[in-house]
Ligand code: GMT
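Quick setup: one chain, the form predicted on its own, written in structure tokens, and binding and motion questions come after.
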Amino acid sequence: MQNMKIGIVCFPTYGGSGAVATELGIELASLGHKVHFISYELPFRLQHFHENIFFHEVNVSDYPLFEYPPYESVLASKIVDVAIYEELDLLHVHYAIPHASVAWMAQQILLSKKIRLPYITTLHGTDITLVGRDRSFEPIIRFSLNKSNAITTVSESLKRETLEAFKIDNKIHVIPNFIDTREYDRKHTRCIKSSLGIPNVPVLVHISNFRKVKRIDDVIKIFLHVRKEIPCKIILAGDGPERAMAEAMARNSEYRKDIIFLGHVPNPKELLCMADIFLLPSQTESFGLSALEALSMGVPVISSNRGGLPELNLHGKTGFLHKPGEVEQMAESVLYILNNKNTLQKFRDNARKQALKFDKNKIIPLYITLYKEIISQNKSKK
């Protein structure tokens, strides 16, 4: 099969789904496929020119009759336009709401023009675990997923949750998130703690979008428990609704000078290079892309045991798993690793070895195989 023309619809903002969708497109383009991103803004990881990558902006105008701009209708129209004039072979939408339902709408419009465009829906987590459990969204999510030509999830855990939450007749393929382990390699990254004014003490790191599900208050509490026992620092990267609360906690602490907030970090590898421990005590994580990035940099992960994290973070080998809210136990696990250099190095080695299982060269071919299968099925129906 010749090189494919693929449309990718994703949210452009900071977060795992946007990062994975963008990196997937970049990798596909590097293999010679033409990739067309369709979104209301340039994806945050698509800041440089890439051969074979094209961006189509969805412009939403203000309509005097509507309280809220009709984004879904405008997005569907843009997908139709791109599909016709760029002759797309396949549409890959990331996130069920609203992208899967919009993809179906665009597909029906194209059928009226005698154009068959299959679409694949990738579920990343929040669309199912949070939004999906709002019963008002259930009919449209179930319908658009069942109408998808294929469904993928980023973990076995998310697959189970999807099947439990919705009556899905379609087969669900599990294709985990991936990473370029050559890029996320501690050996090849410039790592200078002094650039942030950090002395030679252990550094804990947390990276997220600071939503409530990330349990940012627990991140601070874990650090404070550890800091009482040993000198150390913590760096929190990212931004979101819980940041103000976290900053207030930090400012009211006697160790406030040891707590550093950086805001958004477009490329976290130089930050992770400084890390000795990565904290991810989330209420749930469908995969945990930031944890994978940490593991690839040889950073042990202390996380909750919910969602897809046990599939990624191996208890007692690459880090430790605890129930959400077990702050003291998580702090004890941090201290167990940090109090012995040999133990820390063992966990570092195991972390890197585990991350290699999720290297892009092992995961991207799974998507390509699925793409070709769906395109072939679509052509046979013509």
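These numbers were taken from a predicted model, which means no experiment stands behind them. So that there is no doubt, residue numbering starts at 1 and follows the sequence shown.
What comes next is about the form predicted in complex with the ligand, which does not appear here.
* Asked: Would H92 count as a contact of the ligand in the predicted complex, using a 4.5 angstroms cut-off between non-hydrogen atoms?
  -> Close contact is absent here: in the predicted complex, H92 is far from the ligand, nothing within 4.5 Å, heavy atoms only.
* Is there any non-hydrogen atom of G288 lying within 4.5 Å of the ligand in the predicted complex? -> Output for G288 is yes: heavy atoms within 4.5 Å of the ligand.
* Residue contact check: T181 to the ligand in the predicted complex, 4.5 Å heavy atom -> Close contact is absent here: in the predicted complex, T181 is far from the ligand, nothing within 4.5 Å, heavy atoms only.
* **Proximity of V154 to the ligand in the predicted complex, heavy atoms at 4.5 Å** => Yes, V154 sits close enough to the ligand in the predicted complex that at least one of its heavy atoms falls within 4.5 Å.
* Choose one stretch from 109-117, 265-273, 205-213, 234-242: the one whose residues place a heavy atom within 4.5 angstroms of the ligand in the predicted complex. => Of the options, only 205-213 has residues within 4.5 Å of the partner.
* Could you spot which one of S144, T162, T284, N149 gets a heavy atom to within 4.5 Å of the ligand in the predicted complex? => Looking at the other structure, the residue within range turns out to be T284.
* Since exactly one of T121, N177, S303, S296 fits, which has a heavy atom within 4.5 Å of the ligand in the predicted complex? -> Result of the distance check: N177.
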